[in-house]
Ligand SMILES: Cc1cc2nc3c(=O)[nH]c(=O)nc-3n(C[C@H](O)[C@H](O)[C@H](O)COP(=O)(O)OP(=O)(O)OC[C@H]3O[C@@H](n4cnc5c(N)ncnc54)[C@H](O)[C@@H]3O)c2cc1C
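Next up: a single chain in structure tokens, the form predicted on its own.
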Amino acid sequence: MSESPAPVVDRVLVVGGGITGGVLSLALAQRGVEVVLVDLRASLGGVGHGITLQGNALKAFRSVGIYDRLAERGYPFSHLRLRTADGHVIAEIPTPPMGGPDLPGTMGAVRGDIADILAEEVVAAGVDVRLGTTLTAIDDRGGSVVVTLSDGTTETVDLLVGADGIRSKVRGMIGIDAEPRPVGMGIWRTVAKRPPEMDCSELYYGGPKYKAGYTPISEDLCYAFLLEENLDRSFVGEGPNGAVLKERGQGYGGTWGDVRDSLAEDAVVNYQWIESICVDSPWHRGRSIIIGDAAHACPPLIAQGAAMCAEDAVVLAEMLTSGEHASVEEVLPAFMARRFPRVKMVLDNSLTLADWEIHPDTPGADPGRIMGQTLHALVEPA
């Protein structure tokens, strides 16, 4: 019986326990790597609104063994419908099998369910989880990295991975000066009861705001959203703002109008400015690397944010443990070379869609075409 290939790392420290860091920690632990996962939060478990997961995200989740648990709670479907503001159908776009023929094209889910499942599986896999903890210093010694943590302890590891999101602390600490920038639109999000006729994601164009839409996320619930201009920062955050969303979402009919009208005045609503970042210089310095939203965060207009993050995590774990590369120093540039064209395509196309929504009279603007082209391109494996 042949031996498994030797990983180029024995011990890795991951900063950030969201989708990127959680999937990476789980994938590495499953491949025999010792993982320390640090996160500033008091718990890795989830709260929050819904999420739209394309097939390539589901494929990544299946590869680390969490897909079946998520599928028990989520809502699968295989197409996207575009509507006018009053609810008339413009087009129906089949979702290509980005995760392969045996997975749904798309699944709506509660974001917190993913976080809860990942948190449980990471612990069960033996990952050393340190909550309420961040890093304060990085000392790259060539053959290892010594990381000082906020509790005063130090950890010596073969690789440090910053999976700490769009406002990454690791990014700046390793000398990458890229910063997120506002795209020019904000998004309202809430969870509501799912009307029986809602069977897929739908987007409503041509209304008083940039766009309205929803995704079914369980048998009973849906995730509804409204995109408009950047409002004053006082709106940013989460709170009992159902009445505000109901007022700002006027002018849309069809099922979206029904969902809006069903909201309680004090329904919990989240509003955020949409931002993006793309680090086009190397994501790595020595034995440290940033991945996921820390390196590339795209507007949520093609629903590929979580997929790009989960793919990063699975591909990096695979490249560190496959035996194809002789050292960390070989893996990191090879990883970026493999991932950058794919994430850049998604980011550029998402930004194009954002620009078209802000400037709907742009000659040749065709959101359905660019969404379809992007999803078909992502059928190719990560």
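Residue positions are given as counts along the sequence shown, with the first one as 1. Everything numeric here is computed off the predicted structure, so don't read it as measured data.
Form predicted together with this ligand: not shown, discussed below.
In summary, among the residues 58, 38, 29, 328, the only one with a non-hydrogen atom within 4.5 Å of this ligand in the predicted bound form is 38. None of 133, 255, 95, 276 but one reaches within 4.5 angstroms of this ligand in the predicted bound form through a heavy atom, and that residue is 133. Taken together, 48, 204 and 269 are entirely out of contact with this ligand in the predicted bound form: none brings a heavy atom within 4.5 Å. The closest heavy atom approach of residue 74 to this ligand in the predicted bound form falls outside 4.5 Å. The closest non-hydrogen atom of residue 283 lies beyond 4.5 Å of this ligand in the predicted bound form. Not displayed here, this ligand is approached by residue 19 to within 4.5 Å at the level of heavy atoms in the predicted bound form. At the 4.5 Å threshold, heavy atoms of residue 117 stay clear of this ligand in the predicted bound form, well away from it.
The chain is drawn here without this ligand; in the predicted bound form, the stretch among 19 to 27, 5 to 13, 354 to 362, 367 to 375 whose residues come within 4.5 Å of it by any heavy atom is 19 to 27.
Counting a residue when any of its non-hydrogen atoms is within 4.5 Å of this ligand in the predicted bound form, the one hit in 99 to 126 is 111.
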